[in-house]
Every structure is written in C-alpha cells, then in structure tokens.
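One chain comes next, on its own, written as structure tokens: the form predicted alone.
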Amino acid sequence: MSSKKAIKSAFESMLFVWGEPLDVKIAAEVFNINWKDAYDYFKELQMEYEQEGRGIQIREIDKTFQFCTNPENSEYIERLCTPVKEKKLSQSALEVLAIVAYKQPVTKGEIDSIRGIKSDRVIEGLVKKELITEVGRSTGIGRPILYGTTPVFLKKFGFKDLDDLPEIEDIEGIVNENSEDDSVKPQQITIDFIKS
C-alpha cells in the first residue's frame, strides 16, 4: 500500500488532470482505500494549500474536490484574461480579402490586376492570420498559386458558408452610405472590378 504522502501527491496530480470536481469515492477506488481516509487526505491537502497561501487552492464541493484560484488574485487573473483588442484589418487587407472571397480560387496576379498594385505582403499577412490559404495551382503559365478563404474567415466574419456572403450590390450600398464625399474610394474600385 502506498504511503499517505504518496497518495496525497497522487491526489494533487489527479486534481490537476481531472479539471472537473473529483469525487472522493473515485479517488479512493484508484488506491483501493476507504472513502473516509481519502476524504481526510483531501482535507489535509486543502489545509496545506491554505496555510502556504498558495495561488491555487483546493475547494470542496459536496464531497468532491477541485483546484481553484485564490480569490485574492482575481484582479490579476482578470487583467491576464481580458481579451487583447484584435488589430483591425487594414484597408488593403480588406480589399484583398474581398477579392479572394468573391473570386476564389484566385491567383496573386489576378488580385494585383484588380487592385492595380502589388499585394504580396497583404496576401502573406492574410495567410498568417489564417483568413486565406493556398487551395491549389492554376493551369496557367508558371502554375501560380490559387488562393481561397478558410474556415477561420467564415468564423471571424460570422458566415455559415460562402453562400452567406453579402451580394455585391449590398456592399456597394454600404460603401456609398459611408462615403463622406463624392470621391471614389478604394472599396468602390474593388467592387467595380469584382463585378466585371
């Protein structure tokens, strides 16, 4: 039979791995000891954590035990877990993403042609963000890479599938509403090229 120290050490590991509240009966069965002894070992372990003022504590919930954080550290945990503001996509990234979404599969050359400017870095950034990916090779000269959108793109933008993409006309209306003057915006150029 294992020593009390070894059993408490194992209980500690089991609590860490289990995640959910660990039933004392289940823990006792693992060591083939009676329920009362297992309960006492958990209580001792809980007391040791409290006495040492550790950042992790052991909480009892209806004859089960679970790791939890020390309530005194909640402020720091909140700071750590508060989502960092995600960087918004640049105008050029949105243009390339729109072209890929509506024209896919599409080559870098086709994207550059539509935008009238090189898109290497923008494409690289969108690939890193997992919004677009290589989906194959064109049969054209040099067999250029074809790009398409990813499941991450669908998730981030709230689409079930590509059929959920707004109609080009809807986007044009939104762009026109947001225009502050009559000058042509890059989005409008992109939309005009996509339509043609």
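All residue numbers are counted from 1 along the displayed sequence. A quick note: this is a predicted structure, and the numbers were derived from the prediction, not measured.
One more form of this protein exists, namely the form predicted in complex with another copy of the chain; it is left out here, but the text below deals with it.
Although the partner is absent here, Tyr49 sits close enough that one of its heavy atoms falls within 4.5 Å of another copy of the chain in the model of the complex. Leu146 falls outside the set of residues with a heavy atom inside 4.5 Å of another copy of the chain in the model of the complex. Another copy of the chain is not drawn, but in the model of the complex it has no heavy atom within 4.5 Å of Thr133. Residue contact check for Pro151: none of its heavy atoms lie within 4.5 Å of another copy of the chain in the model of the complex. Using a 4.5 Å cut-off to another copy of the chain in the model of the complex, each of Gly53, Asn73 and Leu80 places a heavy atom inside that distance. Residues are counted as partner-facing when one of their heavy atoms sits within 4.5 Å of another copy of the chain in the model of the complex; in 10-49 these are Ala10, Glu12, Ser13, Met14, Phe16, Val17, Trp18, Leu22, Ile26, Val30, Phe31, Leu45, Glu48, Tyr49, in sequence order.
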